[in-house]
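The chain below stands alone and is given as structure tokens, in the form predicted on its own.
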Amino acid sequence: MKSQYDILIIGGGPAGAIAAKTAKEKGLEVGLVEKRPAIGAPVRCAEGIGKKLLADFIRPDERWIAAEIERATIIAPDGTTMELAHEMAGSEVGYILDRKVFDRELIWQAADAGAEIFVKTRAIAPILEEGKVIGAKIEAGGDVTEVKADVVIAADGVESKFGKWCGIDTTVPMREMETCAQYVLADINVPQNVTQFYLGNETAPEGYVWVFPKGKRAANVGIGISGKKSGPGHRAIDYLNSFVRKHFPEGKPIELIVGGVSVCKPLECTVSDNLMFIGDAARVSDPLTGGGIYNALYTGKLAVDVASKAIANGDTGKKALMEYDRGWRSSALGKALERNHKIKEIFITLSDEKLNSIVRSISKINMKEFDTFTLIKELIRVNPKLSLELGALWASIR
């Protein structure tokens, strides 16, 4: 490993991988360190992404597409269902990925471009000079090396440790940390082109259960619940086991993953002097759905677009890097994150009765496109009883 890079990336997930590839394509020297011994494992993701969103960054490949989705179904607590067809469901239709293969493809593309990739290698501390980050201490095989860089990019996930070491408060409030568990279930019958979302405070308090098909007679069956609702006997895995016993009693679990997803607002600022945050480290997963693959790819590429110009100009201070922070916040992604956090804060307060009413009301609405603003306005129109809850939401995001 070199002692100096233009860009040093901490973390080898989708955000870090696309950042590394972009950096090399711009002619920069880049090193990426990943603490895990293998990229892509373990998977901590439901693995869904919209087709149009993915196409901005990589050409679809059947090697890492487990299922192609055409519709999404929402199931209310009382069993009422609402189907969103392809033209309405937007980002909820697309692909279910095989993240083990997908993540490795991204990192292989970065390596093919010339990025230096180091696995089972971790950043253990920042190198600071006059309070500014100028690199990181890197540990591999028991040896510690000081590696300097013009820009360090933190792509090390939720509650970024590297960010904390740099003095940035990356803590996610417990009430806004979704605790998640997911089985890959085999030998079950599920529609191969439909994603399913189950709502209800008894099923998934302040969250939801998802069923994402993943090949013939298999699916990702998972749950996310509010961290403040989790405890002995009522953890995410307990709710998930109850759901599986009820809906897939013959299912055979062949994989179990657990983890956390932030559903809070993004970091107050995603840059500092010579330092940038991308993907989950920037807390840009969707507060409403928990989805984050596209958000990681988008912020990873944008960060390097800005960093490369700053490096060329010889100024990588916070002021120069703020173009990145302003850029993603003013984009469609940033606006969606702000809007969806407001929506999430309303919907986690709704009773099962209100959730049932909303799903029943949606089924009466004829919309050509599933647009948040139109949906809320129409829900209030067809169900005036919802005006108190949704009226405040409508006023806050219009």
Partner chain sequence: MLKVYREICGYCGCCVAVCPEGALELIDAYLSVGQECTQCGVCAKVCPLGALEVTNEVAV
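Residue numbers count along the first chain shown, from 1. Just so you know, these numbers come straight off a predicted model, no measurement behind them.
We do not show the form predicted in complex with its partner chain, though everything after this point is about it.
Candidate site formed by Leu54, Gln109 and Arg326: none of these residues places a non-hydrogen atom within 4.5 angstroms of its partner chain in the predicted complex. Its partner chain is not drawn, but in the predicted complex it has no heavy atom within 4.5 Å of Ile188. Contact annotation for Lys344: none of its heavy atoms lies within 4.5 Å of its partner chain in the predicted complex. Among residues of the shown chain, Gly317 is not one whose heavy atoms approach its partner chain to within 4.5 Å in the predicted complex. In the predicted complex, its partner chain sits within 4.5 Å of a heavy atom belonging to Trp165. In plain terms, the part of the chain that comes close to its partner chain in the predicted complex, with a heavy atom within 4.5 Å, is 221-229 out of 242-250, 221-229, 130-138, 199-207. Taking a 4.5 Å heavy atom cutoff to its partner chain in the predicted complex, the contact residue among Arg122, Lys265, Lys100, Arg217 is Arg122. Site annotation in the predicted complex: the residue of Thr270, Asn274, Thr179, Asn295 reaching within 4.5 Å of its partner chain with a heavy atom is Thr179. Residues of 145-165 that come within 4.5 Å of its partner chain in the predicted complex, judged by any heavy atom, are Val158, Glu159, Lys161, Lys164, Trp165 in sequence order.
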